[in-house]
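Below, in structure tokens: the form predicted on its own, a single chain.
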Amino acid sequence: MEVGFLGLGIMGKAMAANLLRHGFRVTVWNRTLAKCQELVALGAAVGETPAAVVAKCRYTIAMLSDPSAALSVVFDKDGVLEQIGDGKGYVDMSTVDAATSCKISEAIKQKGGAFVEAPVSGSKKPAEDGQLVILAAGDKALYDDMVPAFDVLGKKSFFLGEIGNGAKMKLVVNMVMGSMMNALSEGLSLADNSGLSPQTLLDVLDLGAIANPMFKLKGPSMLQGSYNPAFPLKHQQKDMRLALALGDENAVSMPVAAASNEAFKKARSLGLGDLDFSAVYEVLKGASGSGQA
């Protein structure tokens, strides 16, 4: 199976590499073309533009940083729309809002192409291990065609119906994740400032009903002040913002998410945006230490 792959950031590079290792023929593109070379060493071909990749491949996957990047790759000069058409499918696995997915979908369909949104739950390690959870919606026939690729990229794929549902589900998932990270950070800070061992808190949490892989993976690194970016904090804050906007659209009160978003924004203002999203701990640690509310 031949696929195109647009976007070789932390997630995209790992995902494209997985496809190559499983025998897929992959043509890659990245805005900074030098980032393609590691994939070339694994057997990838390189397209000079998104349009060139779509022209070559029946199916093209995109994994981009935010809504503006997702729209740019489709609508700008040498973009996807210049070559998409009958018999071609476009799968956007970026985390965007439903309105962005709908705009891309309409444009692709007007050109005769098929579109699936398929954001993923999971960060760098699950991407490397093919253990993502894929939240797809849109053209069911294209989804069925892409199942072999999804089976390589993820441990489970959900088809959620009409366009926008995948984007909404991903935002809800990341909103919960961001709120949980803030709760863990506050707990570690409270334990430390109460004369308790934060590591012992992690041990206790891991044995109880709220044990979860994120606390187990992130907690020890947070205590060491190590924030190698598996999922950059600036992207987590973007997802919190988009989730809160979804709440506004549906008149859903989200005070916990709103407070968590403020902590992520504070972390970005302190220059922590490119670190892992668990670096929000530094903000909450600092607030406790300075006596702030």
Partner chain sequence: MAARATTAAASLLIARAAAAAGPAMRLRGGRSRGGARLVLACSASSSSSSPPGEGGGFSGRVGFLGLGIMGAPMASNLIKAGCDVTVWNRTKSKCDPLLTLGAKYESSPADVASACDVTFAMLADPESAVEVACGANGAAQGMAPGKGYVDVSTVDAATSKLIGKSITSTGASFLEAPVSGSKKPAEDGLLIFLTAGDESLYNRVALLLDVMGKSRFFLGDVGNGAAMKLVVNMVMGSMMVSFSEGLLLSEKVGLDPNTLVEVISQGAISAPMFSLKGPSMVKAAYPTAFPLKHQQKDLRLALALAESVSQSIPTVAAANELYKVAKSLGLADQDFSAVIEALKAKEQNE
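None of the values given here were measured: they were computed from a predicted structure. Numbering follows the first chain given and starts at 1.
FYI, the form predicted together with the partner chain isn't displayed, but the following is about it.
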property: Candidate stretches 209-217, 73-81, 138-146, 108-116 - the one whose heavy atoms come within 4.5 Å of the partner chain in the predicted bound form; result: 209-217
property: Non-hydrogen atom within 4.5 Å of the partner chain in the predicted bound form for each of Cys36, Ala41 and Ala99; result: no
property: Met1: touches the partner chain in the predicted bound form, heavy atom cutoff 4.5 angstroms; result: no
property: Contact of Ser226 with the partner chain in the predicted bound form (heavy atom, 4.5 Å); result: no
property: The partner chain contact at Ala69 in the predicted bound form, heavy atom, 4.5 Å; result: no
property: Residue contact check: Lys155 to the partner chain in the predicted bound form, 4.5 Å heavy atom; result: yes
property: Residues within 4.5 Å of the partner chain in the predicted bound form, restricted to 253-267 and counted by heavy atom; result: Ser253, Met254, Pro255, Val256, Ala257, Ala259, Ser260
